[in-house]
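Before any questions on binding or motion, here is one chain by itself as structure tokens, the form predicted alone.
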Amino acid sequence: MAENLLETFWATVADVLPIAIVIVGFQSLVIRRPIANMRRVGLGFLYVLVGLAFFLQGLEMALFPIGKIMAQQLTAPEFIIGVEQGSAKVNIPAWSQYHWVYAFALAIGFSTTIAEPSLLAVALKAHQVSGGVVGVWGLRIAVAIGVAFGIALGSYRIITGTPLHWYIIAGYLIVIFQTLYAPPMIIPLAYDSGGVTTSTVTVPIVAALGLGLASNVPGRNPVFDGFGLIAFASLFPIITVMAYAQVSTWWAKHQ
């Protein structure tokens, strides 16, 4: 584990180094001013490197395996239809029998989004610049509901094997329609909310869940069916955030 952690650390250094070179280069050659608090900035970069190394190692040791294991267990025929393990006759379960998969997808989508650091940062800034009009918890819960529904719907798509593009086309048609009628202030925030959900906490476990489902559901191929959940996690928060603003505006008018 120590060797893997050291390898991950050096890989993180190689990834972060271009960012540091660009920032220092522009500060020195273009702006031509010294970096304020250079010691503090350097210490911050060191914290970033160590934190990313531990986080990436944790992904490999915890989040990726747990997503795969949960998908395997929830799609096992002996769990879904109650047959004994090793039974010779096993019927392929219908999509409606995977209700625990949908429940797990809802729960994991909501919980990972609430824990997403990038969403918290956006919610705090939105609350600050809007003068308190946009609530921190209101925005986080609206986004989390969208991600939860999107991942559950994406899990249904993987189980049934239906084409991904029809879901995405229908979803963005809803987004276009909502954009025409949503409060102008919330539209950019809603579009950004769809992006910040697909970050450090959500992506690893959602990707592992999708690949695990496609590997264990009969008739599915991980290459063709295992991906696409992250697209759902990006799309549906846009819908729920604009819906949250539209409902809030309607409620304020009727009050």
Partner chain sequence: MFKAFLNTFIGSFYDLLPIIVVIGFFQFAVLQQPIPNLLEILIGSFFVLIGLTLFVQGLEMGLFPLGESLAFAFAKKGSLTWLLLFAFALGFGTTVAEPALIAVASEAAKVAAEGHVIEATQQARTDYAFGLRLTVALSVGFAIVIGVLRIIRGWPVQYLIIGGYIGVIVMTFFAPPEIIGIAYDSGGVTTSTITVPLVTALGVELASSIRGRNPMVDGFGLIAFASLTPMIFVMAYGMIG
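A quick note: this is a predicted structure, and the numbers were derived from the prediction, not measured. Basically, rigid core = biggest C-alpha set you can superpose within 1.5 Å across the two forms. Residue numbers count along the first chain shown, from 1.
What comes next is about the form predicted together with the partner chain, which does not appear here.
Using a 4.5 Å cutoff between non-hydrogen atoms, Ala243 does not count as a contact of the partner chain in the model of the complex. The closest heavy atom approach of Val247 to the partner chain in the model of the complex falls outside 4.5 Å.
Proximity of Trp95 to the partner chain in the model of the complex: non-hydrogen atoms within 4.5 Å are absent; the residue sits far from the partner. In the model of the complex, the partner chain lies farther than 4.5 Å from every heavy atom of Ser215. The partner is not shown here, but in the model of the complex the stretch 99-132 reaches within 4.5 angstroms of the partner chain through a heavy atom at Trp100, Ala103, Phe104, Ala107, Ile108, Ser111, Thr112, Ile114, Ala115, Pro117, Ser118, Leu120, Ala121, Val122, Leu124, Lys125, Ala126, Val129, Ser130. For Thr240, the Cα coordinates differ by under 2 angstroms between this form and the one not shown after the core has been superposed. Annotation for Thr249: C-alpha shift under 2 angstroms between this form and the one not shown, rigid core superposed. If you fit the rigid core between this form and the one not shown, you'll see the Cα of Phe64 move by 2 angstroms or more. Annotation for the pair Ser215/Leu59: C-alpha atoms recede from each other in the model of the complex, by 3 Å or more compared with this form. In comparison with the shown form, the Cα-Cα distance of Phe64 and Ser215 increases by at least 3 angstroms in the model of the complex.
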